[in-house]
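Take a look at this single chain in structure tokens; it is the form predicted alone.
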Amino acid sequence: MIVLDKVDKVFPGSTIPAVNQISFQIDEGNICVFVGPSGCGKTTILRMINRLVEPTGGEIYIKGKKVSDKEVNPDELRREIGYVIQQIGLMPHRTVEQNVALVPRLLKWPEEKISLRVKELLETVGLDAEEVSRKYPYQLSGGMMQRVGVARALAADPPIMLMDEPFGAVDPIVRGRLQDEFLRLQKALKKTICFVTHDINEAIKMGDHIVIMNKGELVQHGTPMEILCNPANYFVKDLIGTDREIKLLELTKSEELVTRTKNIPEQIIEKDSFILAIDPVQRALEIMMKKNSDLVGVRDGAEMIGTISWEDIKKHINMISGDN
């Protein structure tokens, strides 16, 4: 879906690359999270994908097409890519409805279609359209503004979304709720998402794929499980922290450990021992302890997709408990 091939960026007045020879691929429908310290090049990569910043060298491809081709209009490219930033970027002099409708109006959608889309999106992100549509951003809480920002980015149904520290400006409790809500939405929407954060916990929770950056260099990339199990070097180990096993339990999605089966044991049904596929593995342990069981069922929405056992969890803890 998105390919970066030896991409460089050197800003005017500097001899040190902000991004240096970066190459990787983001698969369609995945959340790719860029994580690393401030100034490591994460946001620059995002801004090069939608051509707010032009690369110094290398190529970026979307669906096999170079974004740098002369026939690619940057403004049209950006209208097809949703963009959510930490500062939210809502226009203060426009209502919630006007903010969300911004891109559809630029695309000259019929007003009736725009009204229906705004209402649908606000309710999708957990807001009461009747209550908030005519309000201005200053009348909303931080969490509500973030939800409006996500709704605006989704308004024209873009296949790609860029999210730069989207939940960083709210308190930890609201942040956790927004993360959970967005993962729920992604299950249904299956957008291709580039997500920037400085928080490794958020990266592991949100990402299908993680790109770890430092000083403009790509240090390691892979699935959360691959990075937890096999940190590439001491920088990655330090970024993850000393509690890799705890992170595995808290941040690994249960769907990564599920044994898929349609034959759910009777003991699970009798004890109502179920978790959701997007729940962390730690939730499975909590249910096991509460229900005095060594097995839980896993649902994907209303569908029962399989089970997780205590043995499954132990095996995965053991995978990262060595000196990798």
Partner chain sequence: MTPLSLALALFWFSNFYDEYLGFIQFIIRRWDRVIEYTFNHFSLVLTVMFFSLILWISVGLIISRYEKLASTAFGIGNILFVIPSISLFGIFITIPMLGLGRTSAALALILYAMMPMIRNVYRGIKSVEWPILDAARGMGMSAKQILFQIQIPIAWPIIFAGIRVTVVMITGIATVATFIGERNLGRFIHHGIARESADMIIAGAVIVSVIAILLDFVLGKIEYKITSPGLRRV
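Just so it is clear, the model here is predicted, and its values are computed rather than measured. Numbering follows the first chain given and starts at 1.
If you look for the form predicted together with its partner chain, you will not find it shown, but the lines that follow are about it.
For a residue to qualify, one of its non-hydrogen atoms must sit within 4.5 Å of its partner chain in the model of the complex; all three of 83, 106 and 138 qualify. Within 4.5 Å of some heavy atom of its partner chain in the model of the complex lies at least one heavy atom of residue 79. By the criterion of a heavy atom within 4.5 Å, residue 89 is counted among the residues contacting its partner chain in the model of the complex.
Interface membership of residue 94, defined by any non-hydrogen atom within 4.5 Å of its partner chain in the model of the complex, is confirmed. Put simply, residue 50 is close to its partner chain in the model of the complex: some heavy atom of it is within 4.5 Å. The partner is absent here, but in the model of the complex a heavy atom of 75, alone among 171, 71, 75, 130, sits within 4.5 Å of its partner chain. Interface residue among 118, 102, 249, 229 relative to its partner chain in the model of the complex, by the heavy atom within 4.5 Å criterion: 102.
With its partner chain left out of view, the stretch that reaches within 4.5 Å of it through heavy atoms in the model of the complex is, among 94-102, 180-188, 218-226, 232-240, 94-102.
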